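Below, in structure tokens: the form predicted alone, a single chain.
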């Protein structure tokens, strides 16, 4: 991570709700809450702690942060014809949203990797356009090397004042060089440490979705399953809605659990749990996007009417508007009551719905593993029970999102035996990534 910045904005440990304003300008807002702010007295039990960070709103008329983006395009033989033509058109269309302060590079790969447009400020769009138009189809797929070269181009001008992004498009399996999800995940993790996010666009039905998802997940980027090449322009448009609205980068969320409170596990997100301390790193936050951490905690029993400290939270991030390193803090406690009815009435429905979504997302991923192992009936049963779980909680917590995911799981359970398993699997993996990473963009609808 980058270390230096202009100034330091500090907010004391208070409950922070809504957009924060420091002496330096706008800040993201921090919301810390418990799924059960009141617990039943007398017994050890578990609940969930939510730490949510929401980006402040930026208007189209306001100056945005410049971007440093590398287009990494697959030009293997399978991309020939319509696919490559649509990919080139989508990339050229995206150029129109960028200005002279933005930095763009274009990398293509098949058996080998070629930089057809070195990283440069976009003062001459025609030159970049011509570079994209010159791309022709080749042979095999050196995906790892393509991403690495794209990152190298971004690295030439990497700077905290830029939004640093690699956008990878591929329609095939990586068959030259490192080619496992672990390989690509490690690459993604190393790029995140440099403040570079990787968005992966999987085109058609023959790419390796596990590999693409892992690369995006470990770098905190987006992933999209694009079944039809004609949708690429729309997908690129959505992607740049995100890229051009980044308000915070290099986000660190630190949770220090109070004595007696045991952190059990994180839901849907990577992080480190070391004793009482939990640390989660995020790459970027968009305007009006909420990204959250859900931590399952074990709370010791206490008597009624008592209050127990749960945790102190500290969030730091690079503010792209003020060019400061901002610090937001909060502390939270839990109360105890002897009445189960009071405990139920005070349950935070929104936090519980988000917990249910992440738990169901984990079960959905388990169903994919079972189907891959040939345990189709077990996978089908798991998806059906998951749909019931989602439906029950959708009613309890009045959640349209859970209701939709229940329908998704039901449809997926009906498609496990069909010939279009490739399509269903890609849709499931893409949806799992979208929910786990709280992906903001509303992307083209996928068929399950």
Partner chain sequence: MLVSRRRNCLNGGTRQEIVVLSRKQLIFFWGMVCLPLVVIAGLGWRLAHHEHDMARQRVQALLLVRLQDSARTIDEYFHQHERRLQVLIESVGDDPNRIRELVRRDPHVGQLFVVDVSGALLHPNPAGALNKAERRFLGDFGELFLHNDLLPLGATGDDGAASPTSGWAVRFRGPGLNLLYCGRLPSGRLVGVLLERSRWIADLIAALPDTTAAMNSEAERARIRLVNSNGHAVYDWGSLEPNEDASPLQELAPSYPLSSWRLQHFVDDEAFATLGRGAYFNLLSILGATGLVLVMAGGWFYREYGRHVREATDRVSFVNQVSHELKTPLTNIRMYAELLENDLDEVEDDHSQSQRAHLKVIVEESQRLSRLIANVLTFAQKRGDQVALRLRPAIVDEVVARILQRFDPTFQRRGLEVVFQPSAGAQVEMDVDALEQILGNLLSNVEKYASAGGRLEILTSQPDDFTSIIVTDDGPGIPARHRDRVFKPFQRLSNHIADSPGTGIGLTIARQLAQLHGGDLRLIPSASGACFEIRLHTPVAESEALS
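Positions refer to the first chain, counted from 1. Quantities reported herein were computed from a predicted structural model and do not represent experimental measurements.
Beyond the structure shown, there is the form predicted together with its partner chain, which is absent from this document and is the topic of what follows.
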item: Contact residue in the predicted bound form, chosen from 291, 83, 371, 149 - any heavy atom within 4.5 Å of its partner chain; value: 149
item: Contact assignment for its partner chain in the predicted bound form, among 113, 311, 229, 360, heavy atom within 4.5 Å; value: 113
item: Stretch in contact, per heavy atom within 4.5 angstroms of its partner chain in the predicted bound form, of 237 to 245, 88 to 96, 319 to 327, 179 to 187; value: 179 to 187
item: Distance check, residue 270 to its partner chain in the predicted bound form, heavy atom within 4.5 Å; value: yes
item: is_contact(residue 201, its partner chain) in the predicted bound form, heavy atom dist at most 4.5 Å; value: no
item: Its partner chain contact at residue 262 in the predicted bound form, heavy atom, 4.5 Å; value: no
item: Partner contact for residue 252 in the predicted bound form: its partner chain, 4.5 angstroms, heavy atom; value: yes
item: Its partner chain in the predicted bound form - contacting residues of 139 to 167, heavy atom within 4.5 Å; value: 139, 144, 145, 148, 149, 152, 155
